[in-house]
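Here we start with a single chain on its own, the form predicted alone, put down as structure tokens.
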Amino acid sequence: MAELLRTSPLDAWTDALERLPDTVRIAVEPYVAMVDVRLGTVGAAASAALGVDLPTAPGTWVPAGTGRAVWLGPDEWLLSSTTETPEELEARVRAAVLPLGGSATDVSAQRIGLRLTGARVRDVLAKGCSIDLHPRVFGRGSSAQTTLGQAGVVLLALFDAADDVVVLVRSSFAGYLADWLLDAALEFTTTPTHDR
């Protein structure tokens, strides 16, 4: 049986995204395994079993091995891994949380990651997002579930300067969001000036 090749729903947007200026760079993140974890009680046993202290403060994320652990709710997290297959990550996490009364579900195909970098990232996001993205409020380790344009997203601040953000969007909304971001970034593209 031939192995299925994974293609990104944003392949058609690659050229347009690559033409953006350095003030607003948008790149499709590589595919990663993702697992949604539900766990009622987080403590030393869960941390030891998972190999990461799950974030317990709302709106935060932490590095987790080669991926991230994102707080999604009082008893829900999104774990990712860049080195494990979806099946490996789900099996590992399920084995860790099942004895603690938790659950783990593979959601790898559910979201696409877009990484926005540059001095105008906050300005672009502010066009369609009503949360405060100022670095004093939304610095490294911050996350937010919100809408961007009309799409539900999860934002992850990678650095304190608010100029490096990952946007996780459902695969079915990825094309819409790519179009929206390109339109929102249009104002910040440089156009040549002509002498008269």
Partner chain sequence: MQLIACPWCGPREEVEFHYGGQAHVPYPDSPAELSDEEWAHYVFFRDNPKGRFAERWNHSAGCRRWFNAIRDTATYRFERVYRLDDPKPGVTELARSREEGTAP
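Positions refer to the first chain, counted from 1. Keep in mind the model is a prediction, meaning the values are calculated, not measured.
Below, we turn to the form predicted together with its partner chain, even though it does not appear here.
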Select, from the options 44 to 52, 144 to 152, 160 to 168, 62 to 70, the stretch whose residues sit within 4.5 angstroms of its partner chain in the predicted bound form by heavy atom distance.
-> 144 to 152
Looking at its partner chain in the predicted bound form, is some heavy atom of each of Arg38, Glu76 and Ile131 within 4.5 Å of it?
-> yes
Counting only non-hydrogen atoms and a 4.5 angstroms cut-off, does Gly139 reach its partner chain in the predicted bound form?
-> no
